[in-house]
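The data below hold one chain only, encoded as structure tokens and taken in the form predicted alone.
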């Protein structure tokens, strides 16, 4: 779905939204951009379950985004607008080539509404990227993000384990078993 240039920009963004630190990997290493790309290439990205007929009016926040544009179109338009802004404002440099502090400043300006991007609703685009990044960090790894269950390990989520009976009566005890995804854990499917 995404081009290599779009993917490079998105990887830089997700790594600023969830930066790597001593607690674990950032958004890039956790696979958030891959998760987003897969979601945009599927039914969500095509808005298959959303009403897409006019009229399109600015609704209240409770009504959500009113737009004929699918999430995939909005994402690509926002990435293109961000790149165009960066190349114009930073002597031809791409967003991914900016120093982390510059990336953070630009993303913060978009988030708080003080920076616009030509041709897109910058704040709505940022909200889409942020939401999808969080989803990618905490979704089941079968969807491309949360590599090695980094997000789950960070918050202590056990995953899709089928049986907790041995732990029901252990009130206050730390759950020590590793998380398990829908597809199981690595090694479960290896031929013995």
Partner chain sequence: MPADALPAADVVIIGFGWSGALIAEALSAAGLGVVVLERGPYRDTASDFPPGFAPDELRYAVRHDLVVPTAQNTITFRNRVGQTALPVRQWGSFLPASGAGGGGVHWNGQTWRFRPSDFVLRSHLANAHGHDVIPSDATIQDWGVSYAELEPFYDRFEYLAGISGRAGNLRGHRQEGGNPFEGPRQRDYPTPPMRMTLAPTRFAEAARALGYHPFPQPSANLSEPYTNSLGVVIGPCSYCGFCERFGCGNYSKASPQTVLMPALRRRPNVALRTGAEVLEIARTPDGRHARGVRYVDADGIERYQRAELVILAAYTFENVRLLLLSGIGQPYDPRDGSGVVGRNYAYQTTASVQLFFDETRFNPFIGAGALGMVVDDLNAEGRDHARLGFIGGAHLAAMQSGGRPIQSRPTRPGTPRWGGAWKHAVARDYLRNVRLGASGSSLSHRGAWLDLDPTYQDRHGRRLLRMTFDFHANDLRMIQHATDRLAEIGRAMGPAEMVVNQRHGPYSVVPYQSTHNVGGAVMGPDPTTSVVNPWLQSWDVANLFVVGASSFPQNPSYNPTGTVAALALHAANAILTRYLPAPGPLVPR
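Positions refer to the first chain, counted from 1. For clarity, a rigid core is taken as the largest C-alpha set superposing within 1.5 Å between two forms. Here the structure is a predicted model, which means the values were calculated and not measured.
Here the subject shifts to the form predicted in complex with the partner chain, a form of this protein not shown in this document.
Peer 1: Residue-level contact is defined here as any heavy atom of the residue lying within 4.5 Å of the partner chain in the predicted complex; does residue 18 satisfy this criterion?
Peer 2: Yes - in the predicted complex, heavy atoms of residue 18 and the partner chain come within 4.5 Å of each other.
Peer 1: Can residue 160 be called a contact residue for the partner chain in the predicted complex at 4.5 Å between heavy atoms?
Peer 2: Close contact exists here: in the predicted complex, residue 160 approaches the partner chain to within 4.5 Å, heavy atoms only.
Peer 1: In the predicted complex, is there a heavy atom of the partner chain that lies within 4.5 Å of any heavy atom of residue 108, even though the partner is absent here?
Peer 2: Residue 108 belongs to the contact set for the partner chain.
Peer 1: Is residue 148 part of the interface with the partner chain in the predicted complex - any heavy atom within 4.5 Å?
Peer 2: Looking in the predicted complex, residue contacts with the partner chain do not include residue 148, since no heavy atom lies within 4.5 Å.
Peer 1: Sequence order please: the residues of 33 to 66 with a heavy atom within 4.5 Å of the partner chain in the predicted complex.
Peer 2: In sequence order, 35, 39, 44, 48, 49, 50, 51, 52, 53, 54, 55, 56, 57, 58, 59, 60, 61, 62, 63, 64, 65, 66 come within 4.5 Å of the partner.
Peer 1: Hey, does residue 156 budge by 2 Å or more at the Cα between the shown form and the other one once the core is superposed?
Peer 2: Comparing forms between the shown form and the other one, the residue 156 CA shifts below 2 Å.
Peer 1: Can a Cα shift of no less than 2 Å be assigned to residue 168 between the shown form and the other one, given superposition on the rigid core?
Peer 2: Yes, its C-alpha moves 2 Å or more.
Peer 1: Comparing between the shown form and the other one on the rigid core: C-alpha of residue 131 shifted by 2 Å or more?
Peer 2: Residue 131: C-alpha displaced by less than 2 Å between the shown form and the other one.
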